[in-house]
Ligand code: NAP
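Listed next as structure tokens is one chain, alone, in the form predicted alone.
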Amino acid sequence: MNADKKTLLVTGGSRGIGAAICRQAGRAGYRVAINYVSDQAAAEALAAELEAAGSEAFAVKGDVGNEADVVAMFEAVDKAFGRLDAFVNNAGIVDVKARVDEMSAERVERMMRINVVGSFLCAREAVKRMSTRHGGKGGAIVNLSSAAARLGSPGEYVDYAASKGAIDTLTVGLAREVALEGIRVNAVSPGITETDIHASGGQPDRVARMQDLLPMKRAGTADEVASAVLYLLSDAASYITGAILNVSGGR
């Protein structure tokens, strides 16, 4: 184990954008903790892939919508790596297409618990470990927002869009709160991206249906989003905090 290497925790890291971030981080020399909530096989396969390529990686189970799970997840990283230098708040959900007047309280509560409360709790734990105020050595946090925060997602999932609007506000507020404590906080805001999150929301054809409406006439890829995340985590972005970077093909 190389204790001098920077360490990264990615929530929702077993698939899609999260997995792309983990792969790029491994190539960039990070030791990577891959959080998952249900697909243990995918997370462990990704960890094995990174290890085979010369990285240090491990999978850690945890539901970001559960405070005890969040605390246990960060403690597992402490035990495995002994430090935390970078954190990506990536885990999130969408629900099936619906209007606001069709949404149940349970649906909205679940959306906010996972996408908003979970992101706050994870950010809290990351700050506790990174902040010079808490004896840390600084670090970088990147939150995953969405173009939906700007567009509102009418007729599809305004609840999801609202949850990502909260992520934008968290990013700006937290960045200013910890700017003198060695921590940079930024967000990446993807547009239509080719991942299986659309299928999980009951719209597996959404990318094909939407891409002609985009200025670039194509969806983004998970790797294109991950590249933006890795940039914001890197020392090349040392004077950037509180920024929300649109990776949305001009949308």
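For every residue, the number given is its place in the sequence shown, counted from 1. It should be emphasised that the depicted structure is a prediction, and the values quoted were computed from it without experimental measurement.
The same protein also has a form predicted together with this ligand, omitted here; what follows describes it.
The stretch from 23 to 31, 210 to 218, 49 to 57, 63 to 71 that comes within 4.5 Å of this ligand in the predicted complex, counting heavy atoms only, is 63 to 71.
Residue in contact with this ligand in the predicted complex (any heavy atom within 4.5 Å), chosen from 86, 91, 123, 170: 91. In the predicted complex, this ligand stays beyond 4.5 Å of every heavy atom belonging to residue 45. For the chain shown alone, residue 178 is not a contact residue for this ligand in the predicted complex, no non-hydrogen atom being within 4.5 angstroms.
For residue 17, a non-hydrogen atom is located within 4.5 Å of this ligand in the predicted complex, even though that partner is not displayed.
Interface residue remark: residue 144 is counted as part of the site for this ligand in the predicted complex, having a heavy atom within 4.5 Å.
Contacts of stretch 154 to 193 with this ligand in the predicted complex, defined by any heavy atom lying within 4.5 Å, are made by 160, 164, 190, 191, 192, 193, listed in sequence order.
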